[in-house]
Each structure stands twice: as C-alpha cells, then as structure tokens.
Ligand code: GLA
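Just one chain is shown here, as structure tokens, and it is the form predicted on its own.
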Amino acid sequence: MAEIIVQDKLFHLRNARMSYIFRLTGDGLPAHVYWGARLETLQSPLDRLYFESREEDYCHNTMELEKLPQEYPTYGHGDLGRGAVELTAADGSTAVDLVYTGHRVIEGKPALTGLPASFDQSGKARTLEISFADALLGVKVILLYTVFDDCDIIARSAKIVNESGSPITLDRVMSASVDLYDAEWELITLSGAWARERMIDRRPLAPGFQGVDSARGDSSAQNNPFMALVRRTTDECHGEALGFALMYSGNHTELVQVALNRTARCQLGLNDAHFRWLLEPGETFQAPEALLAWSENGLNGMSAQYHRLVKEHVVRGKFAHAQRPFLLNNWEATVFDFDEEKILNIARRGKEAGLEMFVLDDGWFGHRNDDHSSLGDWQVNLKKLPHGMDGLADRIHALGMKFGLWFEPEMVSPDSDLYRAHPDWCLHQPGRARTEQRFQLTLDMSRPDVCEYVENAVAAILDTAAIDYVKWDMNRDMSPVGSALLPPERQAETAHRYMLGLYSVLEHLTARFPDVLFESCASGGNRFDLGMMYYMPQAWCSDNTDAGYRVLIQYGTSLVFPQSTMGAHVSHAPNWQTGRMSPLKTRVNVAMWGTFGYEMDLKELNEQQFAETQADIAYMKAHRDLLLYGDSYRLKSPFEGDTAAWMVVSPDQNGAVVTAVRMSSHPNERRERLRLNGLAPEKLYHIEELDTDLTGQELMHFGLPLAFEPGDYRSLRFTLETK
C-alpha cells in the first residue's frame, strides 16, 4: 500500500519497495533527504550528518543554500544554481524566496487542469500537496507528489499561483527538481533524428550542465523527454537506476547540473527557450507532470516500473488492456497512387493472409495526388473513392476486416481551400515568410477557432463512416512560432498554448469516439511521449521500417515504453530508407515486438513467402496477449555488440517468447549463449523450436544456444511453455 508519513517536518513517501523523503529546514525550505530502497524508519538528524554547514546556516540570509540538497530551488536569494521556478515581478525584480505554508495528504491521484497526467483507479495511490509562498511577491507554489502502490514511481508537478495585485512573468517552470548527494552517475538519453529515433546514448556526468531538450514545438525525434542516471556498474539487470520522464508533447528540458561540490541537480520541465508566460493576478499556471522512477535491478528494473505505469496509469479507455488488431497499411504499397479497386485488392490479400484491419493512408482527400496540396480540406476525393469513405468502409467490413484511416489534422497546405479562406490560421510572424516544410504549414492550435475546426472536421468523417482506427500524423516542426490572436506580450506563450489546444481537441475526440483506436504518429517517432500516450494507446515508432534499424529504435524505445505502445510493421525489402535486404523472417520477428502489422502489398510475395506470412500471423494470434502485454526484458543490446535479444514473459511465468537478431555475420565465430530473464527458476519449460525441456534456472543461468544461419540480419525465435 502506498503511504505518506508526515512527522517532525519530515515527509516520507513510500510503497513496499521504495522510499522518497524530504524535510523542511528551520526556515521552511524543502530539503531533499533520500530516494531509494524502502526505509522503515528515519532518524531525523541522519541526513544532517552529510551537510557541509550547520543547520542554522541553511537560511534565507546566507550564501550556503547552494550546498543544501533541495526539492524545488529558486534563484537569486542565496542559491546560484538554476532555479526550478524563475520569474520577473512587476517591478523588474527576479529574486524568489519560497517558504512552507502548509500541506495536505490526498487519497488517490488528482488530475491536472488542461494537461495529460497519470491516474489511479485502484484508490491505493497517495498524493502529497505541499504549498510554499513568497510573501513579498504574493506568489504561491503548490507541489504535488504521488506515490503508487504497484510501481516504484513518484509523479511530480508544480502549480504557480499569482496572489498579488500585479502581473508577473514566468520565465522558467520546472515540473520537478531533485538534488542528489553526489555526481558519480552516468547519464542516459534517447536521442537521434528522423528515421533513427531514440538511440541510446550513455556518458559520465561532468561539471556543468548536460542533458537534452527540444525547442522544435514537439517532443522530437532529436531528444526524447526522458533521461536516466545510472551508476557506472549498472547494466540491464544489476545496479541503481533513476529515471526522469516528462508527460508532455511540446518543448521540454531534462538536465543535470553538476555543482562545485560535486552534487547533481536534476530538473525537467518546459523548455525556457522562447518561453514566457504572463500570469495575471488571481491566475494559475500548471506545469506538466514529471514521472520519476527508481530501480535497484538495473535498466530492466527501471523499464519495468515505467511499463507498469504506462499500462495501468497512463493509457486509458477500452484499448488499455485489449487485443489490438493486426493491420495492413497501404502507404508503402501505393503512396498516393490508388483507387478504390486497388485498395480492395490489397485488402483482400491481407484478409487471405489472416490480417484483421486495413488502414487507408495519405491521399484520400481534396485533390491530393502528392504532398503539395489539400491538407486541411478533409473531404473525400470521389475520383479515387467513388462510393465515398462510408462506401469503402462498408466494403472493407464486408471482407471481415476492420477499417482505419490516416489524418494529419494539425497541418494545412498553402494549396488548399482552408488556407485560401484563413491564411492567418497558421503559425507565423508578421512580415516574415511562412516557412514551409514538406510543402505544408502548421495550423495555430493555440486558437480556439482553429481547434474547433480541426475537431469538427475529424468528427465529420468519423460520424459518416464506420471507422475503427485513426492514425493521427504530424509531419513538421514549428517555425516560425507566432499567433495572430495573441498580443505581443503573450507571443512567447504560443508553443505551450498550442499543446493545450491540441490536448483539448484530443480529449474531446477520444471521449466522443471511445470505440476508435487512435494511434499517434509524427513523421514517425517525433512525438513518442507519455503525453500523447494518454490519449492514444500506441504510436508509430518510426518511418524507418528497416528491421536492422528497428532493432535499435525499438530497443531504445523500450527503456520507457512497453511493446503494447510501439507501432511496428513488416515492410518491403530492399527497405526504402536504408536499401537493406533483410530476410522476411527477421522483419517479422522484429515487428512482433510491438503492435504488429504489414506496410506492403502482400501480392508481391511469392507462394512460399505468402505461406510463411500466413503461418507467422497464425503464430501471432496464438500468442497475442503474451506478445502484447507480457513483461518485457532486454537481454543483449545492439548498441554494445552485433547481437540483439529480448523476450516477453507472461505474468504467471508459464510462457515466454524470445527473439534474437544477429546484425552482422562473422566467419569462424563461436556459438553464443543467451541467458534469459523473468522465468520461474523451479518451472520446467519446453522450448518448441529445440524440442527440449529446461528449467527456468537453467535458462536464466546457462542460457539458450544461438545458432544463426549464415548471413547478416538473421534472427531466431524461441517459444517457451511450462510442462
């Protein structure tokens, strides 16, 4: 059971495995004490043994605050590090001095106004709401801390309230800040670019600032809103790991500052580049939620906490634990060149293979025969689909398949009726050229009228056709960022207001169409984040469907996200993005580590390949729940060698599927042993592909032999079931 113990100015949040503790100094400042394995008791003087100065020196009138491990530091009144909140008062002053004013303990998990946030349906979570104020400025800061009973995660957020009679300007707002006692950590981030998202990067901390951010208007493929700190000896299964993930889809910052005394200040929240927020008297600003994970069982242990959080406390609605249909998408088969009969022929072949849903991608609306036009004009192109969208949906359903549809609602083409009618509806700045990317502009979702149009345009299609699935795409970054509706002093609010508008639209649409499965997409994995996951239970991992690169992308993604969220498809070879020829078997085995589908015309497969495809889909159906919702373990990293391996284990430990991929072949090499994880040591498992029985103990300590066929990008799959 999650619990919060408040005693002698000490605040102790804990569950059965983890404790998070901070306390108030004599002057009412929140000082960080401990974050780690569960403590039964804590003698109040214990943490003070490690301070460099006397307790009475840590007050508002000394320069010792820089040495005090803090929970939500402020700049300009004795602490010279980056403040968690920085603001400018009406008189131009910037110093902030927050003092404790009160707290309360809440059963459960409150929602955050206007923002996605983790939730608790069990009633077993506990939340601490603690308030601090600067009496001179008339500013209150309310911090929320939630501890869950079933995952070792602390959810944190901050709310700023202007209780003065004058406006203030928020220059920086962090969702969470944690001061660690030492800097003997290594930093892990998930960085990359389009088509190579979420590559794992690991490096030691050094003096100064390090971390990741995005000022691109989205959470970005370049730097995911996540970082982890691990000890130098931490690996997948052993050692301490701290995770910091932001539940937000826009501009963000995750950073570590190593200070002069070799301590580490960890912060995450909104990116303060190009951000200012005018907070009028009586107004409140709510920061996004930060989700902090702890593990003493290595990176797999940290990932297990995030996976449980996502499955139980982030993904909502009927699809949270439901089977997901195996789909066929026409994009790589046709691009824009299709008509109704071509689509139906592709779908018929998919049905014959055993697939369950057909998804019509880009090109069905306006006069869009390439990517130069029609975004914003969400009317069906009757030249391509003479029976309309409802007619096509009915014909797909008549095949015994579900029907899905691609949208890109946040964008507008200069060549569109929408743009000609409302040229001021896109993000722009007066007097400057409107920067196009992929021949399109970004609609200004900070405007209520734009949000209303987008919501109604999507709803009109969903109301008139029987659509089971929506792929919600977003194919460009924001530049320049400006809104025709906001006054000059509020232009720097545009990017965040955009996200608030988008979240509002998604909240309304997902509530109005609860039976539609929504999938997020943004040039592939440009917005693969916890904020979007709150509205859409799965996301397209990357436009790069090459199996070799998908091993890297999905391996990095799994640090935070479970396989039930990762859109992964089998596509053509040679691959579009890399030109690589990889075996069909490997393409299937890699795509199975996600929400499975095909991105190709199955009519191009020869008879033997099509028979293999039918068998693969049948295998997937037989093991669907295990593959989608089993506990996932990374076994061998493709970032550290030529072999990648992972496995999923059923919650009752009675079944597992193991996958291994050899990236490059070498002559005269020894046979590798693959040690497994997550099995019951005493249970006897039958390995189907080897027709062999081994105990869980043998499989986890001795392992399985990896006998790859000659050649690059070869793969193996093992199916384990208890005897």
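What you see is a predicted model, and the numbers here were worked out from it, not measured in a lab. Residue positions are given as counts along the sequence shown, with the first one as 1.
The same protein also exists as the form predicted together with this ligand; that form is not shown, yet it is the one meant from here on.
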Heavy atom within 4.5 Å of this ligand in the predicted bound form: which of 312, 390, 361, 86 fits that? Just give me the one. 361
Can you pick the one in 132, 540, 633, 503 that has a heavy atom within 4.5 Å of this ligand in the predicted bound form? 540
With a 4.5 Å heavy atom cut-off to this ligand in the predicted bound form, the contacting stretch among 112-120, 248-256, 298-306, 522-530 is 522-530
Are all three of 75, 209 and 267 close to this ligand in the predicted bound form, meaning a heavy atom of each within 4.5 Å? no
Considering non-hydrogen atoms and a 4.5 Å limit, does this ligand approach residue 331 in the predicted bound form? yes
Indicate whether this ligand has at least one heavy atom within 4.5 Å of a heavy atom of residue 100 in the predicted bound form. no
Using the partner position in the predicted bound form, report whether residue 471 sits within 4.5 Å of this ligand, counting heavy atoms only. yes
Is there a heavy atom of residue 406 no more than 4.5 Å from a heavy atom of this ligand in the predicted bound form? yes
Contacts from 432-447 to this ligand in the predicted bound form (any heavy atom within 4.5 Å), listed N to C, are 438
